[in-house]
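In the form predicted on its own, a lone chain appears below as structure tokens.
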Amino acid sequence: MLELQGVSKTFGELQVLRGIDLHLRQGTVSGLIGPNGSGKTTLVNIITGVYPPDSGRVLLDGKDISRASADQITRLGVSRSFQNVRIFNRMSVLDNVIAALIGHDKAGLTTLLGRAKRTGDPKVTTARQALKTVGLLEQRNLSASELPLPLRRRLEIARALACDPKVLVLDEPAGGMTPAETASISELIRSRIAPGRTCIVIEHKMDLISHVCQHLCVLNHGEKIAEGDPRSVVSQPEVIEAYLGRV
């Protein structure tokens, strides 16, 4: 499914990733954790085409996508949400999801949105289904700016889901949420988003990781220090010292 082979990345004199190997099985939810500065965001940005690796390869279904652009990788089946929510605040909730399905065109996004809704384009049906999956169908006509943070995060997930990705990357999906809100998004991921889908979840909240992930990878100082079953991984002394700050 998705495989990283010896992925390394350096910015200036700072080596951010060192020879990362990772194999994600189809239909598995994998967690990616590590202290701040461990290289998680850089690794995700390489997987999704924001940066190319300096060395190593990223394979999707056996195909090398290491040098593909972010747009190309999205079309190949890798979608993501972001730590800092990226939605169109002045658009409706529904239009936000339709926009995720429409490529840039000389006609302009506004024209394309109007055309899609006027002609009964299948994109509208797809967008409505994505909103239903994340529990936002009733809010479809609201402006995105009216949504509180937990629902804005759900909207961003709906935008990623609408493309029916082979791999879905969720970057801190519970960022800024209360414990009750975290529990709600955690259950949404586990029961409605993850089944049958390959997911990568980057998160600091271990309760969410333990609830949704079957596989866990831990980074520290740009290196993979542990990988495997979440329960066994978080009990390893090196992980406890690096991530939890105690032994």
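Since we're looking at a predicted model, the values are computed, not measured. Counting begins at 1, following the sequence as shown.
As for the form predicted in complex with a small molecule, it is not shown, yet the points below apply to it.
Enquirer: Find the only residue in Q72, Q83, T133, S92 having a heavy atom within 4.5 Å of the small molecule in the model of the complex.
Expert: Partner contact (heavy atom, 4.5 Å) among the options: Q83.
Enquirer: Work out which of A226, L24, V16, I20 lies within 4.5 Å of the small molecule in the model of the complex, going by heavy atoms.
Expert: Partner contact (heavy atom, 4.5 Å) among the options: V16.
Enquirer: Classify P52 as contacting or not contacting the small molecule in the model of the complex by the rule of any non-hydrogen atom within 4.5 angstroms, answering yes or no.
Expert: Contact check for P52: no, nothing within 4.5 Å of the small molecule in the model of the complex.
Enquirer: Is the gap between S38 and the small molecule in the model of the complex 4.5 Å or less for some heavy atom pair?
Expert: Output for S38 is yes: heavy atoms within 4.5 Å of the small molecule.
Enquirer: Under a 4.5 Å heavy atom criterion, is T42 part of the interface with the small molecule in the model of the complex?
Expert: Yes, T42 is a contact residue.
Enquirer: Any idea which of 205 to 213, 55 to 63, 29 to 37, 176 to 184 reaches within 4.5 Å of the small molecule in the model of the complex, heavy atoms considered?
Expert: Selected stretch: 29 to 37.
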